[in-house]
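Take a look at this single chain in structure tokens; it is the form predicted alone.
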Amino acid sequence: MESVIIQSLKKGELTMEEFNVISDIFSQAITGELIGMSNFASLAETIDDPHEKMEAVEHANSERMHAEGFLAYARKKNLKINVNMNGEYWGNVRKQFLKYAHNRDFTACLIIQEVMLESFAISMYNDVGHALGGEAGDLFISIGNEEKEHLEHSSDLLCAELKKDPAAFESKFEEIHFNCMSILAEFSATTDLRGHCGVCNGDCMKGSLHHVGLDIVTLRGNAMAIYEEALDNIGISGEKSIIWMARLPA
């Protein structure tokens, strides 16, 4: 008996190539949101103030709801979803976050989750949303707009931290940039520099993005631009940030 998926493909709703790449896109988004949920839950453990702790838990729930939204759509469309929070890239980003969380370094955790990861989410959700269009596109754009609020909120907090001790703050940020952003840069390079991500169902989806009107070079470039803008808004000097960006894996 033919599966629902094959039947839908035969009806001309999606080509097999489109189905596979859309499945992988949703798999990456769901995994990323679950990483964000876990990060915010861990972040709450670094906070003593009860109101700020509750806010971190609220953010964790927000990421959970984003994952639920993506999962609901995927189920409705019978997409082939693979969630792997221990994959080569997502798993190592999570390890970097936990390293700082275990040291109760709230600022470092905020930089990783709210600046680095959210910059990629905001940009890529926007690009994917406009490429897919329809209900799927609206979902990505809506969630991307919510992530933008997280980035704006964290930028204000980090700007205040920078003013307390600019040299120490920039030194910390530089360390985290090369520890964590290097992983995201490898993840978004034209080829998987660390090997298969562990989330895509088959081969890396990067070679198939053209089936839905996307390409990894543009996705990466736009995400890096959002990140660079975030650095500027926080107050990181352009002379330093441009060197940091140039030294990322490509």
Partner chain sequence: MDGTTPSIDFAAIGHQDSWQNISAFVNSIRNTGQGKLSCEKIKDIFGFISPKEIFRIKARSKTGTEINGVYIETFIDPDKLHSQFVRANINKVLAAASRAKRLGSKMVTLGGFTSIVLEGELESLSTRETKFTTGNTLTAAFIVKGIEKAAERLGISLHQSDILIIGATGDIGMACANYMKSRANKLLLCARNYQRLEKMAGQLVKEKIKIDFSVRLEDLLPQAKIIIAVASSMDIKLNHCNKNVLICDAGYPKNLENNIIYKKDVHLFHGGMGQVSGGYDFSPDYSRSIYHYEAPHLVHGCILEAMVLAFEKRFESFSSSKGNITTDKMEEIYRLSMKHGIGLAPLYNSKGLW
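Numbering follows the first chain given and starts at 1. The structure displayed is predicted, hence computed values, not measured ones.
Note that the form predicted in complex with the partner chain isn't included here; everything after this is about it.
TODO: Would you check, heavy atoms only and a 4.5 Å threshold, whether residue 239 touches the partner chain in the predicted complex?
DONE: Residue 239 belongs to the contact set for the partner chain.
Task: Heavy atom of residue 221 within 4.5 Å of the partner chain in the predicted complex - done: Looking in the predicted complex, residue contacts with the partner chain include residue 221, since a heavy atom lies within 4.5 Å.
Open item on the list: With the partner left out here, check for me: in the predicted complex, does some heavy atom of residue 18 sit within 4.5 Å of the partner chain?
Closed with: The answer is no: residue 18 has no heavy atom within 4.5 Å of the partner chain.
Open item on the list: So, residue 225 and the partner chain: in the predicted complex, are they within 4.5 Å at any heavy atom pair?
Closed with: Yes - in the predicted complex, heavy atoms of residue 225 and the partner chain come within 4.5 Å of each other.
TODO: Using heavy atoms only and a 4.5 Å cut-off, decide whether all three of 47, 104 and 154 touch the partner chain in the predicted complex.
DONE: Checked in the predicted complex: no contact with the partner chain for any of the three.
Task: Segment that reaches the partner chain in the predicted complex - one of 213-221, 195-203, 53-61, 23-31, heavy atoms within 4.5 Å - done: That would be 213-221.
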